[in-house]
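A single chain comes next, written as structure tokens; it is the form predicted alone.
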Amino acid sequence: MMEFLQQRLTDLELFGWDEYINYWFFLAMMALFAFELIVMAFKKAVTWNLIGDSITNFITLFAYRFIGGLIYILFYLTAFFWVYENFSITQLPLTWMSLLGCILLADVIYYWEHRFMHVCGLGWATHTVHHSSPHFNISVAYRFGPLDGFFPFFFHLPLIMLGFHPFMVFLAEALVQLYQTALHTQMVKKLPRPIEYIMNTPSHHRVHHATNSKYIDKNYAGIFIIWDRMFGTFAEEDEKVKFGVYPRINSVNPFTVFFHGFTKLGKQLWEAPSWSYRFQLLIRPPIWAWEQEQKRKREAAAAEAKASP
């Protein structure tokens, strides 16, 4: 076993596996999505809104891949290799053991990256796209925002500085993301308890996409749900999940869906009473802006009541 774990890999092998796994996994997910649609058709649950929403999901995927491809070529790849060559504290050997270590670290890093996207106004402006669908199926896994490919750079850069090869980090990132793709389904209820305790599952990820008050900002995990259990953000699925965001965007227009987070943030920034308030809109959780809005409404109502005879 140890001999296998210490077996040497090449950077080209890592790059090739990244491309190969992404391609075939996408085909597998499309087959699973087709099966979901067939099952829903038998249940008479297929609607024009569902079809339009699913088409929009794939349009956002293509837009994200175009923007993400530019970021990857012009910034991500170059910066990772430059840091790897000049600022890594070591250069770890390309072995199965280092790949497994990289995947584990990438998974816990993903937890914190994902949590950041929910509690930072700027991060949520792009990540809200992924949560905005009122449906939950495999196509929702491919629903992306404009800058979803930008923020991971800053969280995964420490892996490069620790000495993991950039292609190994890219592969580890891809595996964490691909694992979650299969979680976007309502066809799988709950798995055996040991699996539900350790691994992220469709049940746990349904909770993450919920608007139920008890489920909000829970279950950020990628592969292992133990990070949520360790860091106090775990919630069990024990009531019917309502999917989407609040307020709902009520649109399947791909442009509306893809840009609605930044459109809303831009409007808030434009109407903000001060530069300090604008800065807080960018760094505070989205609920902070809602709370401030409710506070202003209460104060205006109180002032109006006081002024009336």
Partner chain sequence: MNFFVSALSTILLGLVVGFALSLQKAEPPTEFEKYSSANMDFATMSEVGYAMAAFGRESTADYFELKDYQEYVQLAQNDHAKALSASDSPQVAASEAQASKAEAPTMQLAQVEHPAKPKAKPSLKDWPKSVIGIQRSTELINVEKVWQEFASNSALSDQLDSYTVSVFAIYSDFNSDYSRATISIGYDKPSMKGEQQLIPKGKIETLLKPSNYGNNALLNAWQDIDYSKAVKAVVERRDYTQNSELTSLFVIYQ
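Residue numbers count along the first chain shown, from 1. Note that the structure is a prediction, hence the values are computed from the model and not measured.
The form predicted together with its partner chain exists for this protein as well; it is not shown, and the discussion that follows is about that form.
When contacts are defined as a non-hydrogen atom within 4.5 Å, none of F153, F243 and R284 contacts its partner chain in the model of the complex. Its partner chain is not drawn, but in the model of the complex it has a heavy atom within 4.5 Å of S98. The shortest heavy atom separation between F164 and its partner chain in the model of the complex is within 4.5 Å.
Under a 4.5 angstroms non-hydrogen atom cutoff, its partner chain in the model of the complex has P93 among its neighbouring residues. Contact annotation for V108: at least one heavy atom lies within 4.5 Å of its partner chain in the model of the complex.
For the candidate set V188, V83, A235, L104, a heavy atom within 4.5 Å of its partner chain in the model of the complex is found for exactly one residue, namely L104. From the list 169-177, 111-119, 124-132, 196-204, the contact stretch for its partner chain in the model of the complex under a 4.5 Å heavy atom rule is 111-119. Contacts with its partner chain in the model of the complex, taken as any heavy atom within 4.5 Å, map within 11-26 to D11, L12, E13, F15, G16, W17, E19, Y20, Y23, W24.
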